[in-house]
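In the block that follows, a single chain appears as structure tokens, in the form predicted on its own.
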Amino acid sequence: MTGLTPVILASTGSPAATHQGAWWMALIPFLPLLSCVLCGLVACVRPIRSTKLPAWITVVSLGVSFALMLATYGQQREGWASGASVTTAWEWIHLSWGHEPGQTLIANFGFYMDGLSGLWMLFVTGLGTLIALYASEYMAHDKGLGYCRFFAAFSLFVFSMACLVMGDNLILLYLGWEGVGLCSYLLIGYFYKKPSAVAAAKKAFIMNRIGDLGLALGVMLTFFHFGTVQYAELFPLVQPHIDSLKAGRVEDIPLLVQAIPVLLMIGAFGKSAQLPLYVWLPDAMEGPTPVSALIHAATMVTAGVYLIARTMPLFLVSEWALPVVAWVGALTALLAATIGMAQFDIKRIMAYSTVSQLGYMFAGLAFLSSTGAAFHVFTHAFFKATLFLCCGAVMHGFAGQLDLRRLSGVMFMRGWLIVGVAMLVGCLNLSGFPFTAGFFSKDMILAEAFVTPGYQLLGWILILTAGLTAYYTFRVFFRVFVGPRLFEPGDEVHADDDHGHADHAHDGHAPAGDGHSAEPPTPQPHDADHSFHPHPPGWAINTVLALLAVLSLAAAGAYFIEQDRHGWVGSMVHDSTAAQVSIGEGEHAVHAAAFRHDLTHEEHAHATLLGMNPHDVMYFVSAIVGVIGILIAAALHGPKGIGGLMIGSRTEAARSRADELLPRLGPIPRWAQHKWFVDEFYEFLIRRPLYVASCIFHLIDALLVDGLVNLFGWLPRRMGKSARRAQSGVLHQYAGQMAGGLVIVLFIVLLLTA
């Protein structure tokens, strides 16, 4: 790596200081790329391809990247207050077609590090290391070429994510954006012999391409209007439009500038699975569970949140972008929560939970609570990775079983205590139980909904969603991890294998039944089937789950650090382009959203919830709502006598008190179990019409376009074939033909002259 030139950029975009150091920042993304190459080389060497070497290469490379990220944070953290540090590895794109402004496109392979990208890269590399360690055991059944392929794609994903987050220009961000989409396709479709996995991978790829088109157009329009795609030059050029907003001259902001964030928003909706492009994420659970934990819980799906936070100055000057983000985020959160309540596959429940929590993050950005959104990204990364990996451990040990009606009391089976405790920690965080990390991060968003004028209705929607989240989260915990010890192995069990290990993938699951059956199955007691014994997780899985559980709890401490900046995450966000922009100064400051609603400073300052300051009362409101959701789950799904309170009633895995209530709700439970028929609606409204149109155009192309071309090709061939018989090479035949031709000519002449 040569030619590294670290520079400190001031907030105005001009170089403020140049210092030597931080050259290792360029190694953070390139070490995972090196790991990808090495995993490919291991696959070419037969004696070592069946070892765990690819896993250890990946773990070490990501661990070193995390260590370098910590070093970067320690050395440069103070400098981020005055500007971002940029390290250019090499000149990448440099095109010029004139000397006028906007006639030169520069996009170097450079890395931009401020509080926002530093926050993201800390948990991307840290969680990547832990999940790679987990995967070393989880994917051990596939050692060989598949093992090498998995960790090569895993490493390539981390490289792409690092380019997305650390890139110092929109072109490099787009490269990483497409890279994580490619890796998502490769990893979701890892079990390429399984039709459902292949279909899920194609679905994810196509849905993401729809969003990526919006992002590509947004990047092009940005360069067209501002003449640059480099952050250091772009954001100062946006400042005059923000000044116009502050002065009340919204009409001075060009329409093109307001259209840019709308296009970027479409890309964010696709990558982060928001309405209407969310349907790919639940199907992505066909991939291995470590993929679900890394890509679809902690990193890739938060790329849309990162994009909006990074380009927040552009979003502020658009009259349409942030309101659309707010409504889409809130409605996505509610819709996904209602679907998650009715599912039986515990991994899919967590997938819909991810979609719902991403809705919270988008709503937080729209409420101009970048700190709340980033803090929820941070806490969600830890506790949702914990939840996914716990589900994966259950799947790994019970031969692919994921149906909550076929498992019970797992926490109290021998060797499963760590998994059960980690699952409890993750569920408490996701439910927003008081004093957990999820409680504090979610509250920041909920309170801001009532502070930001015009969004009180969305605030109540999100509070309702928080109650639903607590319910379906503990529905899983009470059904699977506590209660009578009963289980039924999944479809991967082999009668002659005491561990229930299939030679094929653990995640190529298809729970018995369709998951929508009104008649629950009857699982066997734990000692009824002597041919199968659950396989407890080994040291790698248990170590990772224990560490993640501790980190999920410790993340709450970030809320109390640097309270004057709304916690440690708030201090990181403050030193970035995602910092909240307000209209006015001091105690009379008003959000841009309040300004657009033509509200006075006094109206904004006196925003209340139940007659009190939303930020003060939200602690109690969300705590009560979350506890109520947990108690309802305990009453409907908890085992009999749970906690000595005698509020539960379940005595078997398959049936609970909730089954008695379903008939009273009419068709609603069935609709929710079928995901509100959104996929069927897309099939009817979009896919089938496009299929019919493609068939029609195929016929037009085959019969008309190709038919004309083929006709003009066929006529000369046919004429030549007919004339070929006259060229036999026999002289007397030529003489006879000449005589015959002469007779015909004379006959025609006689006719014409008669």
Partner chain sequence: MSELVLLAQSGFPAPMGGLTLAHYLFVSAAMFVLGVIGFLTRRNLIIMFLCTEMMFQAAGLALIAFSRFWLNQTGQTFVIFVITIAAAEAALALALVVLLFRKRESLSADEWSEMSG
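Take the two forms, superpose them, and find the largest set of C-alpha atoms that agree within 1.5 Å; that set is the rigid core. Positions refer to the first chain, counted from 1. Given the structure is predicted, the values throughout are model-derived calculations rather than measurements.
One more form of this protein, predicted in complex with the partner chain, exists but is not displayed; see below.
**Student:** Can any non-hydrogen atom of residue 687 be found within 4.5 angstroms of the partner chain in the predicted complex?
**Tutor:** Heavy-atom contact with the partner chain at 4.5 Å: absent for residue 687.
**Student:** Any of the heavy atoms of residue 729 lying within 4.5 Å of the partner chain in the predicted complex?
**Tutor:** Yes, residue 729 lies within 4.5 Å of the partner chain in the predicted complex.
**Student:** Given a superposition on the rigid core, I'd like a yes or no on whether residue 729 shifts its C-alpha by 2 Å or more between the shown form and the other one.
**Tutor:** Residue 729: C-alpha displaced by 2 Å or more between the shown form and the other one.
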